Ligand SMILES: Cc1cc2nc3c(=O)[nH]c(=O)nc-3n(C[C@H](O)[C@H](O)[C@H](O)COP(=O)(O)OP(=O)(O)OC[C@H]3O[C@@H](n4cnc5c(N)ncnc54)[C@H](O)[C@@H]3O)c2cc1C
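We begin with a single chain expressed as structure tokens, specifically the form predicted on its own.
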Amino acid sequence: MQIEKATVKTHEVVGGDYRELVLNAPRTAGSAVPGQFVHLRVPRLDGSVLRRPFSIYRARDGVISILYKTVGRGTEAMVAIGGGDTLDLIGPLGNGFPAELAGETPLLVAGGYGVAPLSFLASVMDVRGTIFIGGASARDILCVGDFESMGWTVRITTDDGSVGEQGLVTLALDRWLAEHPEAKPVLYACGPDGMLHAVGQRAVAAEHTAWLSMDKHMGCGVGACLACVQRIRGEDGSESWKRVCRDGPVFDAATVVWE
């Protein structure tokens, strides 16, 4: 973890309400792993002292990228960020996805901009697999070209059927698992809680390993404020509260205790 002054390289709309912010941040880029995040101080956000957490979408050659959607006061203020601006960030934070496989097939499951850290993960994996991307509509389907260019199979679902299959992303996952009964998959998921819960339930029931990137509201981002806790079951069966920002955000699905 380190504080870094990052210079904005580009800031562009990538579709719908989604934007990509590209930052010259050599210290963060040099140590980031897929699944980690940065805590960004949003400029010109009057009256707010809290930073905003964003998953790292890309990290290479001294540059990091984040994908975000304008959904509230903080992200709406970010629209005004321009090339050459200097931003204050802390990162990389948290624990990332275990990327090593031993003969297993990787299955990535993404909801909305939860696809960002999974694109980063796919770029460092030696084995290619299938990515399931779900969203409300075609406007919420991101990074398809990323995965296709890396040789991944892409399956898309949308709630309204505007692109791909109509329905929840877990339906496409269920179909794949039924079509490949002999496979030994490892699942990696990032998205809304409902999707993570559903993916985790499937993995645990079938005794597959699954890694879930938990999405919780964060205050400090470094484990001091205890605002982003998640109940986790230990190896001895006991339960305790873990800090998503420091002990996560990635957890083994078998250890997550859902409310």
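Residue numbers run from 1 along the displayed sequence. Everything numeric here is computed off the predicted structure, so don't read it as measured data.
What comes next is about the form predicted in complex with the ligand, which is not displayed.
Quick one: Arg52, Val71 and Gly74 and the ligand in the predicted bound form, is every residue within 4.5 Å by at least one heavy atom? Every residue of the candidate spot has a heavy atom within 4.5 Å of the ligand in the predicted bound form.
Segment assignment from 79-87, 133-141, 111-119, 166-174: heavy atom within 4.5 Å of the ligand in the predicted bound form: Only one stretch qualifies here: 111-119.
Can you pick the one in Arg60, Arg44, Arg231, His217 that has a heavy atom within 4.5 Å of the ligand in the predicted bound form? For this set of options, the contacting one is His217.
Taking the ligand in the predicted bound form as the reference, which of Ala32, Leu67, Met195, Ala203 has a non-hydrogen atom within 4.5 Å? If I apply the 4.5 Å criterion carefully, the residue I get is Leu67.
Along 155-179, which positions have a non-hydrogen atom within 4.5 Å of the ligand in the predicted bound form? If the 4.5 Å heavy-atom criterion is applied to the ligand in the predicted bound form, 155-179 yields nothing.
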